[in-house]
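Heads up, the chain below is alone and in the form predicted on its own; it's given as C-alpha cells.
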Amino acid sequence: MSMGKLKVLHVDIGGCEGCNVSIIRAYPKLMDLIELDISYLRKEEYKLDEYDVAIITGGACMNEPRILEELKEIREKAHTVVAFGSCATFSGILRFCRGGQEPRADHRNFQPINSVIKVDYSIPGCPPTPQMLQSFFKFYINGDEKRLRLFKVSADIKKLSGFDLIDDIVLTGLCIGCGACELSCPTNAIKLIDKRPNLVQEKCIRCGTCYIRCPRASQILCMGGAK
C-alpha cells in the first residue's frame, strides 16, 4: 500500500449511474486522503497494478464473460476490493432482470460481485450516500476495524432485502420502532404503522438498505449473526 494518498480506482460494470454520482459528490472531501481515478476524469485507460483500492459499482452479469474476467483481474491485482452500492453488494434491482430487453437481450442473470470474486468491504445503498464513502475511507486509512466491521461482514452476504428485515427484526419482536428503515428506503416500500414497519412487497427492490440502516439488524450482523 502506498504511504501517501491512497490510489483509488473506480470501475463501473453496469448500473444506473446513481452510485457513480455519489462517488463524485464524496470526492471533494476526500481529496486530501485519496487520488481517485474515475472514468469521468480519466484521460487514458487505467492500469490495475497502480492502485491500492478498487471500488466496483454495478452487478455482475453472468452472461457477459468480459465482465467476469475483468472482475477476476481486479481481484488479482488490487490490494483491497470494495463493492459500492446495492447492485454490486446484493445485486439489488438487477435480480429482477429476465433478459429480452434491448440493447442486450441476452443479459438475463445478474449477481452480486462477491459471487464471482472475494470482496473485502461492501457499502450497500441505492445509492449509498457520499458521507458513507467519506466515512469508509477515514476508517480504512486509520485502520479502525471496529467501525469497518459492518462493511466487512456485508462483504460476505449475497442477498438482503426488506423481506429479511421483516423476518429477522419485526416478526421476532426486536424492532424498536425508530423508523430508520422507512427513512432509508429509496422506493418507499416500508411504512411504519403503529411504530412497526410494514413492507409493500411490490416496491421492494432488494437493495438491503433498510436492513443495514436498522440499528438492531446491523448490530446483529456485527456481532456475528449469520445471513
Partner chain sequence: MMSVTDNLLGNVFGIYLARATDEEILKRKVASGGAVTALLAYALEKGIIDGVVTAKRTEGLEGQAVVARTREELLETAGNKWSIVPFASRMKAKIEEEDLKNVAVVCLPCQAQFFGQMRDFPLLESDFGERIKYIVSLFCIGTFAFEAFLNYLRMKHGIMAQDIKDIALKGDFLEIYHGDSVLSLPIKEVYSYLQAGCLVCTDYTGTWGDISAGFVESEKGWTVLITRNLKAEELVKSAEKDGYIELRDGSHVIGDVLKAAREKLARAQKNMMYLL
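This is a predicted model, so every value here is computed, not measured. Numbering follows the first chain given and starts at 1.
A second form of this protein, the form predicted in complex with the partner chain, is not displayed here; the remarks below concern that form.
Put simply, of Ala155, Met132, Val116, Ile74 only one has a heavy atom within 4.5 Å of the partner chain in the model of the complex, and it is Met132. Three-residue candidate spot Gly177, Ile212 and Ile220; every residue lies within 4.5 angstroms of the partner chain in the model of the complex by at least one non-hydrogen atom.
Proximity of Arg147 to the partner chain in the model of the complex falls within the 4.5 Å heavy atom cutoff. By the criterion of a heavy atom within 4.5 Å, Pro124 is counted among the residues contacting the partner chain in the model of the complex. Among heavy atoms of Gly173, some come within 4.5 Å of the partner chain in the model of the complex.
By the criterion of a heavy atom within 4.5 Å, Arg216 is counted among the residues contacting the partner chain in the model of the complex. Here the chain stands alone, but in the model of the complex its contact with the partner chain, taken as any heavy atom within 4.5 Å, falls in 182-190 among 41-49, 158-166, 55-63, 182-190.
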